[in-house]
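One chain comes next, on its own, written as structure tokens: the form predicted on its own.
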Amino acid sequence: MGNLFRKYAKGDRAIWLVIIILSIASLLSVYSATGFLAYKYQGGNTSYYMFKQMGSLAFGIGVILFVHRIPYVWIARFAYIGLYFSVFLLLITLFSGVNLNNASRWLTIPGIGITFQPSEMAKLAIIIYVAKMLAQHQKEDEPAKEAFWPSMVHVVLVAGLIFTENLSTSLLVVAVTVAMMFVGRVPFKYLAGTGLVAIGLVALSIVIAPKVSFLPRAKTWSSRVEQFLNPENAEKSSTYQSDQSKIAIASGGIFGKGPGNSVQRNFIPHPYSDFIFAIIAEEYGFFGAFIIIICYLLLLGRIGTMVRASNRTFPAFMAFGLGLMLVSQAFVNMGVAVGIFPVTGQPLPLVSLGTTSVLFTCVAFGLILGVSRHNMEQADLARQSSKKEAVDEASLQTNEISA
């Protein structure tokens, strides 16, 4: 089994370890969080959602194995197609999306009835596009000014289409791509101006929320921010999710209540997605939650090492952007669970229940591991070349002595 894994699973071993640990955590926590729900709606089959998640993870790992074998040059060539196809799907969702959980973020695939979120695809597409723009405009000892406008126009387009139904994802897209441009040596004054404009637009949307009809989620954003800033003045019903999540985390203590012994799963809305970290903390305590946090930090650290080892700019920017998106999303989810951020709808990457989230998270992992695989192959070639040169030099010296 080990030889088979080494044969087909290339790239950074630490990242593969993170994938395995998060997948195991997902199955354990989803089974616990959905037991009652499955019993009620799936004819008493308490394992239904766990096996559904297992299928999603198995398919996702297959996607990782496939994607990480694709040369990054092909990813770059299809950057435009992926971006504009994502924009097309976002436009369809904007006008005819399926409403689930009070938000029209989903599209239904005709014929098979499967729903998915185009915003998950759009996040990957815009990161790959920005990575390509930054790579194309890198010049020695010169800022990448020319990369700013083509990148930012498309970032605004994608973020704007996501914005009406999913503010947190829209802000993550802007934040991650701006960070990519900062690392890509786009002048800071451009990025600072963009940040101020973004903050102003968000604040304006929240302020005018009660007076507009074209932003259906604006009132929800406004109330969540108000509850977060002034919890003592908010109604108990409006802070119910956060309160139950905090109770779950506090009651977990150091060692937790044990697998399957969560009490708050019966009270927290969506304990299998938005608040799954609270269930992990309740059942596995501080140590269980700490392992999850370490996994995401390890992922970010390994990506930093990978970026430094890259001899090409496009894969380096792509890996950095994808890794930052995954880790940022994870810490937003965990921050919501512990009360650091207002309530959002961000799933915990590779852990929360959800086919779309798991699929596109695995695509991102596959792309990251593809960069790592390329770096390792280049390092092996360099070592082999050095050995060959050393052997040739030793042979030449031997011949000279013999002569």
Partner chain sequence: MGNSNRSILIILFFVLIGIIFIIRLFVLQVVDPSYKYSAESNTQRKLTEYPSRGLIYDRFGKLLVSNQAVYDIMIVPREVAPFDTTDFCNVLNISRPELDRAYEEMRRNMRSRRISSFKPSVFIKQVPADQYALFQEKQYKFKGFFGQRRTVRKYEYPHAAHVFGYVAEVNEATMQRDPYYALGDYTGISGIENTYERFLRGRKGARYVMVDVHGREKGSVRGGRIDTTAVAGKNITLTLDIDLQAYGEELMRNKTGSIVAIEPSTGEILAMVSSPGYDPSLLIGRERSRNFPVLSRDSLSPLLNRAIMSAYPPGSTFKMVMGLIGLQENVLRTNTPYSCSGAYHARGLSVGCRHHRSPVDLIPSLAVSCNTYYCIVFRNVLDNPAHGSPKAGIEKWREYLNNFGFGKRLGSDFFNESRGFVPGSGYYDRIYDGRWSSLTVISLAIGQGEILTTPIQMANMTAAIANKGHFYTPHVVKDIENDTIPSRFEERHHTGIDPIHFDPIIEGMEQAIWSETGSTARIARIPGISISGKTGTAQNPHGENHSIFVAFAPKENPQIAIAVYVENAGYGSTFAAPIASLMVEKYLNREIHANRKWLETRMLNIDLINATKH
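Residue numbers count along the first chain shown, from 1. Predicted model, so just to flag it, every value in this text is computed and none were measured.
The discussion below concerns the form predicted in complex with the partner chain, not included here.
Comparing 195-203, 82-90, 161-169, 291-299 against the partner chain in the model of the complex, the single stretch with non-hydrogen atoms within 4.5 angstroms of it is 291-299. For the options 173, 122, 281, 128, the residue carrying a heavy atom within 4.5 angstroms of the partner chain in the model of the complex is 281. Contact with the partner chain in the model of the complex, defined as a heavy atom within 4.5 Å, holds for exactly one of 72, 116, 331, 190, namely 331. At least one heavy atom of residue 138 is located within 4.5 Å of the partner chain in the model of the complex. Residue 151 falls outside the set of residues with a heavy atom inside 4.5 Å of the partner chain in the model of the complex. In the model of the complex, at least one heavy atom of residue 250 sits within 4.5 Å of the partner chain.
Taking non-hydrogen atoms only, residue 264 approaches the partner chain to within 4.5 angstroms in the model of the complex. Taking the partner chain as positioned in the model of the complex, the residues of 164-185 that bring a heavy atom within 4.5 Å of it are, in sequence order, 179, 182, 183, 185.
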